[in-house]
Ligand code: NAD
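Next up: a single chain in structure tokens, the form predicted alone.
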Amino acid sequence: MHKNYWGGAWHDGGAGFIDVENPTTGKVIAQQAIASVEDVDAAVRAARAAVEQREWSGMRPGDRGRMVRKLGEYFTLNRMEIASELAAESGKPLFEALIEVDGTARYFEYYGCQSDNFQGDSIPLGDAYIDFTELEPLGISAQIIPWNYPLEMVGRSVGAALAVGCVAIIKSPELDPLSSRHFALAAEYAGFPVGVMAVLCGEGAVAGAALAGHPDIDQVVFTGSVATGRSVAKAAAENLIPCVLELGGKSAAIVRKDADLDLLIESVRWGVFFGAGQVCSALSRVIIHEDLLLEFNERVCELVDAIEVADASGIERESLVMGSMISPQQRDRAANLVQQALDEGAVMLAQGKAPTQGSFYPPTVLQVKAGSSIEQTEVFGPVLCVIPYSGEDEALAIANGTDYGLVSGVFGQDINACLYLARRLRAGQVFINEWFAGGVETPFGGVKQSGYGREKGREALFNYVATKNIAVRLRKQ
């Protein structure tokens, strides 16, 4: 039985437990304690005590940063154990799980190095005053974590929160919660003060709602669906606290006539078939110049044929293997959306093969019309929509023509033309000639119904602080 963690101790679940299944086989691999509303209250009380004691927030920033970096050290030292557990509970290939564990460690390393390099300003008001600002940690950050990246999303957000002196309560996902226990183990390894880190698993409608709406938290971070994001935002608004929302997308790449198709095909492989397409910023639409359509279709069919869909929980090296989706429900949702698209007139360009056992769905490529249901709907699966265009104004209208605005991309060899398009795309981040370009240092977040606030980079640190101004009137000498 995997337990919950708060106040420096492990606890059973007040709401009982759930079976955690391996989506590749459908077999139960462990049981996870489920937090009740009372458990959430207890975790918040422990976190509030840590805030009021100021041992963490009052620490010298360099010392605090060193401890945050030790979280990354723990994940690096135990990478294979953690990745194996993550692969088993999520259906990821082992090499994808290793990438996630390494990314988690990198976030803690990055934000640990930012602790003593993040400060307020001195404001000149003349000889009669000294005026300065301090960046004070907000206090308790409630982190509601999604199932598609249950480790890396924590490193991304909690790393920034801890670096500036906040304490964190992590609500892990119900579908793959087991590897999240390593955050508590890492906090113990790093010697964190009691109450600074809590990890609870619970149902979203119970523990998640109780955490998001708790009157004694100071900030909420949520990644997930638009519908749930609205509920989280409403709960935060009731308590007049800030929140950061990342709510998915229907991200598009505009492919100019002069694009390098080698770069594009590589980006399609990683952009929509990595993680079985269960990525908020997946490359889910290719808006391609009509002169390149036939060649691209041939190339993407070759890619799909080369991808093996299988249990890859033992494959450590990167390869053209795609694992399962997280659950039968997610698989069936993707299949139903594809069938609906075909019924509405979409053309099946390519579809791979997948095992009939487990939650597998094959890589799929459809040619669709702009404005069609699947062109507007986030599938959250390995499904690529291809839309041809003739003029760049048309391409921009298609790319910007959804409710989402998380990321976008442009492929082409004329960098001036690419930048022209990039500045007109309504998205929080634009990739040029490589999907997922950038790194932990680059700000990430959406516009429109993709949410608000920014993760990653130094900009994320401002999610967790309030600016206090201190003005001092000096005596005349």
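We number the residues from 1 along the sequence you see. Keep in mind that this is a model prediction, so the values were computed, not measured.
We do not show the form predicted together with ligand NAD, though everything after this point is about it.
Peer 1: Would you point out which of 359-367, 315-323, 144-152, 130-138 contains residues with a non-hydrogen atom within 4.5 Å of ligand NAD in the predicted bound form?
Peer 2: Going through the listed ranges, the match is 144-152.
Peer 1: Would residue 204 count as touching ligand NAD in the predicted bound form under a 4.5 Å heavy atom rule?
Peer 2: Yes, residue 204 is a contact residue.
Peer 1: Should residue 431 be counted as a contact of ligand NAD in the predicted bound form, where contact means heavy atoms within 4.5 Å?
Peer 2: No, residue 431 is distant from the partner.
Peer 1: Taking ligand NAD as it sits in the predicted bound form, is residue 171 near enough to touch it, meaning that at least one heavy atom pair lies within 4.5 angstroms?
Peer 2: The answer is yes: residue 171 has a heavy atom within 4.5 Å of ligand NAD.
Peer 1: Hey, in the predicted bound form, does residue 228 get a heavy atom within 4.5 angstroms of ligand NAD?
Peer 2: Yes, residue 228 sits close enough to ligand NAD in the predicted bound form that at least one of its heavy atoms falls within 4.5 Å.
Peer 1: Only one of 107, 222, 273, 75 comes within 4.5 Å of ligand NAD in the predicted bound form by heavy atoms, so just point that one out.
Peer 2: Looking at 107, 222, 273, 75 one by one, just 222 meets the 4.5 Å heavy-atom criterion.
Peer 1: Just one of 383, 247, 71, 252 has a heavy atom within 4.5 Å of ligand NAD in the predicted bound form. Which one?
Peer 2: Flagged contact: 247.
Peer 1: Is ligand NAD close enough to 29, 88 and 189 in the predicted bound form that each of the three has a heavy atom within 4.5 Å of it?
Peer 2: Not a single listed residue reaches ligand NAD in the predicted bound form, so no.
Peer 1: Taking only heavy atoms into account, state which residues of 400-428 are within 4.5 Å of ligand NAD in the predicted bound form, ordered by sequence.
Peer 2: Contacts from 400-428: just 406.
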